[in-house]
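As structure tokens, one chain now follows by itself in the form predicted alone.
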Amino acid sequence: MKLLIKGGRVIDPANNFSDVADILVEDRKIIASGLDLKATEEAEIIDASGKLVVPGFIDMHVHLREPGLEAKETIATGTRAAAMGGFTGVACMPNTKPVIDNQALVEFIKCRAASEGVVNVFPIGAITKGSDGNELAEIGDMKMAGAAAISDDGHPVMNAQLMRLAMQYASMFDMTVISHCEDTNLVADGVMNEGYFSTIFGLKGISRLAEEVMVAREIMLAELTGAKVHIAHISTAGSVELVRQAKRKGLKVTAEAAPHHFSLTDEAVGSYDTNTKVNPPLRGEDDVKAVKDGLRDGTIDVIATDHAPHTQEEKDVEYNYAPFGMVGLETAVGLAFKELVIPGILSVEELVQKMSVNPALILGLDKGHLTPGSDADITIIDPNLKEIVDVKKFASKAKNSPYDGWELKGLPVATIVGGKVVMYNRALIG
């Protein structure tokens, strides 16, 4: 298949390029980029005038729920939601049933993605067997099978010695350890951020310290082991400052923020909409500001959705009994433009760095750039396109989003995976 993308503003931070140019794609690869490229007669032409052409976005924190939890999401539906959101690749977390903690299950994810998925899927293996925090999983076997990193996301590794060993083993295989930072003893039975609004709303709170003490522990273990450690879904001002200090010390510590942690505060819980119930919880205004500041100054390396689909039946209960999590693949880019790019907190180049370049670097993927000869994974964005979020139109199986009815501006209009157009003009292809 041949494809010519003409006249867009090509933004390729990995190659320090940002200018109007054409991109020529052939046989799944980028052949050339430049001005006034010519295509053969059989090439499909996409007019990208007035649009942004960037390396395909990678969401390094997604729950696809398969195997075992297909009522919530499947690899087929989750990857279609990713395509609608402008993502050419997703890294899927291992908290499925059974947990992705061995070579066979990593291979299952890859095979299923090849047959049912429409974007690249990079499996994340579990740190511990069954993610129960008692015994290390077969990290080397999972690496050989194609696991991109290890994590017990959804569950913290409470045993510090076990996490130390996990970091040492992961270092042997040059793998990143993605940590879900949560002290379950401090969380207790809390359901939202501890503070003024939890008192007003009559809901049990979760202390910021539940996250921060674990972030501090992981940083100290990273310093001890020399491991590459990535802090998932960072949400508090204290956590951001801890990561900032770790970076100043030169440690191999990176961090991600989810769109809901820079676009919503704990005041939103006052609607008692269970779609606002997430883990870690929505925090206060000072925390949101700190997350935005961390994104601006480079303390936070990545924007990742923590896409966590649940069924309507699970969420349609009292707030205390609803599961934590919201979907995010189909609103992430619009929220990033609304909250970060349009207000001038991030430039478009910095946004691409955090949604394409850095996720690829952290996961050790040869992605995140538009170098001739590389895979033709490309996202095209219309920075002026406006759309009202309608969860009923989501490609995801799940609709648990608090953004229903929000107007977003700056949206993906084409998702190209390996030279194949899988989303165009806000509609899935094929």
Partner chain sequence: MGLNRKDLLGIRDLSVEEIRLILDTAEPMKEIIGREIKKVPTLRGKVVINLFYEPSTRTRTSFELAGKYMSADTINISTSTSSVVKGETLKDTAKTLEVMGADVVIIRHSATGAPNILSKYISASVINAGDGFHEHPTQALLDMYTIKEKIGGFEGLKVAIVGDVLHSRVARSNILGLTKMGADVRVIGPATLIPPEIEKLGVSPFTCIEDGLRDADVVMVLRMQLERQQKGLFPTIREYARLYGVTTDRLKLARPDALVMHPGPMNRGVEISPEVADGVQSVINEQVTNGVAVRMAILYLLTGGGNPHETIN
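Residue numbers count along the first chain shown, from 1. Given the structure is predicted, the values throughout are model-derived calculations rather than measurements.
Beyond what is shown, the protein has a form predicted in complex with the partner chain; the following relates to that form.
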> Any chance T77 has a heavy atom within 4.5 Å of the partner chain in the model of the complex?
Replying inline: no
> Do E194 and the partner chain share at least one heavy atom pair within 4.5 Å in the model of the complex?
Replying inline: yes
> Heavy atom to heavy atom, is F324 within 4.5 Å of the partner chain in the model of the complex?
Replying inline: no
>> Can you tell me if G202 lies within 4.5 angstroms of the partner chain in the model of the complex, counting non-hydrogen atoms only?
In response: yes
> Among D316, D141, E223, E107, which has any heavy atom within 4.5 Å of the partner chain in the model of the complex?
Replying inline: D316
> Which of D189, E135, D174, E285 has a heavy atom within 4.5 Å of the partner chain in the model of the complex?
Replying inline: D189
> Going by heavy atoms within 4.5 Å, which of 82-90, 270-278, 242-250, 145-153 lines up against the partner chain in the model of the complex?
Replying inline: 270-278
